[in-house]
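Form predicted on its own, single chain, as structure tokens, below.
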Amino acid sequence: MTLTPVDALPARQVRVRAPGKVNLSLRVGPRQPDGFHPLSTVFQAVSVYEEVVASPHDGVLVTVSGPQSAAVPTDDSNLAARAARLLARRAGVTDGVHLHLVKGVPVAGGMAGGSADAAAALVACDALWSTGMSRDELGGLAAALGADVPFLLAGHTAVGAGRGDLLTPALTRGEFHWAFAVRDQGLSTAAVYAAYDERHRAAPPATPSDADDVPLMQALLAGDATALGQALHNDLQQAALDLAPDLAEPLQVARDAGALGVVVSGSGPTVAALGRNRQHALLIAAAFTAAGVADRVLTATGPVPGARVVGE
């Protein structure tokens, strides 16, 4: 009897998608002795995604494709690689992993693309290695990786306190429609915070309070896009403008296009504009393109879920 050769089965792969975020509000307190700032922020996860494909490998290997992929480090400093190593240590796993990152969230754009990669890597490696960790346990690992990672693991809309990693889910109604003006030249978060500290050297800012964002939370609960647009806020916006004065151009283009609200997302330089509906968001995006004030233009809706397996 002759046996017919059979091709080797392909290695198992796990594909995870994680969203980017926009800070609907970002309030920043005075710099503390440890170098960090107390924050009060309201995150919303939006439908601009990172994908991470995890497959078996001898060590930890990171490869990247998609827009701005050349700007993403693939060494040990990569946040997804750090997430994989942290999960392996905590779970007692000795296997390696190849993490292929498919970029969709702007790099160094204030939308937490690196944090989304880390959240996706935690979920992907947990599934690949069958560690059986709960979401709460993964959330604890996420907090050790960075302030934005726990939110990108959870998604939807949430209030962040502390360094932004202490999350309380926020009640929202309906969906909101966004247009984003993206610049290929990112801004360093550390540099933006340094510029913020310089602006407040003579008069340190007050410690932020949840009470500052009561109108914004009411707008979310009511599903009132007009009220939400009026309540958008970012204490880092002027510092980002100090470092990149030309950000004033997409901010003004969005206002001229009738955006309900416009704000620099996080530490910038991505500019987020809130539309009345999907068609209005597309109109604002077209205005960004026509004015030549962005290297790329994206539209998205929010809120959306956090890191989730989308294929194995």
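Each residue number is its position in the shown sequence, starting from 1. What you see is a predicted model, and the numbers here were worked out from it, not measured in a lab.
Another form exists, predicted together with adenosine-5'-triphosphate; not displayed. Remarks below refer to it.
Across the proposed site, 101, 110 and 115 without exception bring a heavy atom within 4.5 Å of adenosine-5'-triphosphate in the model of the complex.
Here the chain stands by itself, but in the model of the complex one stretch of 130-138, 87-95, 205-213, 72-80, 72-80, has heavy atoms within 4.5 Å of adenosine-5'-triphosphate. Shown alone here, residue 150 lies farther than 4.5 Å from adenosine-5'-triphosphate in the model of the complex, counting heavy atoms only. In the model of the complex, adenosine-5'-triphosphate lies farther than 4.5 Å from every heavy atom of residue 218. Proximity of residue 164 to adenosine-5'-triphosphate in the model of the complex falls outside the 4.5 Å heavy atom cutoff. Remark: residue 230 does not count among the residues lining adenosine-5'-triphosphate in the model of the complex, judged by a heavy atom distance of 4.5 Å or less.
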